[in-house]
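One chain is shown next in structure tokens, namely the form predicted alone.
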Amino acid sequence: MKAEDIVRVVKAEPIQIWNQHLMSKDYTCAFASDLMSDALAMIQDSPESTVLITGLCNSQVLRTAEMLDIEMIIFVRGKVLGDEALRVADEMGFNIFTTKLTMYEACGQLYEAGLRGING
């Protein structure tokens, strides 16, 4: 599913679009968690094609995404990064969005639209 379609499905607003080219990139799966240790342990295959969905809104999410080569992050419940974390995100080159949906709603809508989890 293309990033622009993912954004449309969850009615997300951009926090930062570092690379407009990534908006037409095809993402094959999503992973949702507030535990970045789970993301590190579970996202093994094609992390560059994985969308990270989380309610944890701090630089730890950015560091985790950087380690996994994840390029797209969606924060749920309308959360946004603070100024310092935004500077870090800009340096790392992420496309970051926020949606007012809960994690459950965002995941459900993406699943219904055809985006699967990391295990298919």
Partner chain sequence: MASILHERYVVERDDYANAGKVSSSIKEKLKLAGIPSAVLRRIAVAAYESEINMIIHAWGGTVDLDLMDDGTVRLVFKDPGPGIPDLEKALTPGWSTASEEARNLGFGAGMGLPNIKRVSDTFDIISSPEGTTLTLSFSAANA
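Positions refer to the first chain, counted from 1. As the structure is a computational prediction, the values presented were derived from the model and not from experiment.
This protein has a second form, the form predicted together with its partner chain, left out of what is shown; the following refers to that one.
Counting only non-hydrogen atoms and a 4.5 Å threshold, tell me whether Glu48, Asn58 and Thr64 all contact its partner chain in the model of the complex. Judged in the model of the complex, Glu48, Asn58 and Thr64 all sit within 4.5 Å of its partner chain.
Looking at the partner-bound form in the model of the complex, is Met36 within 4.5 Å of its partner chain by any heavy atom? Judged by the heavy-atom cut-off of 4.5 Å, Met36 is in contact with its partner chain in the model of the complex.
Heavy atoms within 4.5 Å of its partner chain in the model of the complex: does Glu84 have any? Answer yes; at least one heavy atom of Glu84 falls within 4.5 Å of its partner chain in the model of the complex.
Flag Cys29 as yes or no: does it have a non-hydrogen atom within 4.5 angstroms of any non-hydrogen atom of its partner chain in the model of the complex? Residue-level check for Cys29: no, no contact with its partner chain.
Check Asp90 for me: does it contact its partner chain in the model of the complex (non-hydrogen atoms, 4.5 angstroms)? Contact check for Asp90: no, nothing within 4.5 Å of its partner chain in the model of the complex.
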